[in-house]
Structures are given as C-alpha cells and as structure tokens.
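Here you get one chain, nothing else, as structure tokens; it is the form predicted alone.
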Amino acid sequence: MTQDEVFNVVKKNIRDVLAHLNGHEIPIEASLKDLGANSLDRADITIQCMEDLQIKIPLVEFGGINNIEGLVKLLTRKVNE
C-alpha cells in the first residue's frame, strides 16, 4: 500500500471524527491537535485507521509522532511489513 493510499484513509478518518473539517483541505504537515482534535479524538482517529488498514500497532509507538505525516509514515511502514 502506498503512502498516498494510507494518507487517504487517514484523511477519511479525520473527517469522520472532526466533522467541522468536511470540505476542507487537510495538509499532511498539520498536526491533529492543530486541526482541533483533543486526545480522545486523536485516539479515535488512530484506532479507526488501524482497523481500516487491518493492522495492530501498540499505541506507545505513536508517542513520538508530531504531525499527520508521521502518522501516515508509521501506518504505511506497518501495513507493508
């Protein structure tokens, strides 16, 4: 699976959780916090992405991620392992 395909999954889940972003561009450089996601929203987005991609990653591995690009890269790496 390509990074662009994973980014599309992430964007879909961001829009599902953060409905106010529907119709808005979601830049890969942005952080979920900057987009208005609280800690529960970020967990929901992450868990839903893993379910959609049919992968399991310990949540501790997401600790050092600062933006959407970091999330996409981690998910892409794990889905292709």
Partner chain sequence: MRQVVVTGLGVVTAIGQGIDEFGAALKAGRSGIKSVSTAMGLPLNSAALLTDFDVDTSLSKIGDMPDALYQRARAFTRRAPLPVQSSVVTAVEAWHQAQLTDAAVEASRISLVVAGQNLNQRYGYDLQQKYHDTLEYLPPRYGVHFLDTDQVGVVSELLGIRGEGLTVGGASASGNVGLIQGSRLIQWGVADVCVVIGAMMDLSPLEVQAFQSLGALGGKTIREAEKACRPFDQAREGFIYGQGSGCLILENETLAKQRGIRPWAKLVGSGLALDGNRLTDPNATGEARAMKQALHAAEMSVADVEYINTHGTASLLGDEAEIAAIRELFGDTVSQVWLNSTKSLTGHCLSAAGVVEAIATLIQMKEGFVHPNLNLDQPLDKRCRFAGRESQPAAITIALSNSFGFGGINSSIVLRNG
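Residue numbers count along the first chain shown, from 1. Predicted, not measured: the structure shown is a model, and the values here were computed from it.
As for the form predicted in complex with its partner chain, it is not shown, yet the points below apply to it.
Within 4.5 Å of its partner chain in the predicted bound form, a heavy atom is found for every one of Asp16, Leu40 and Ala43.
Looking at Met50, you'd find a heavy atom of it within 4.5 angstroms of its partner chain in the predicted bound form.
Mapping the unseen interface onto this chain, Ile55 counts among the residues with a heavy atom inside 4.5 Å of its partner chain in the predicted bound form.
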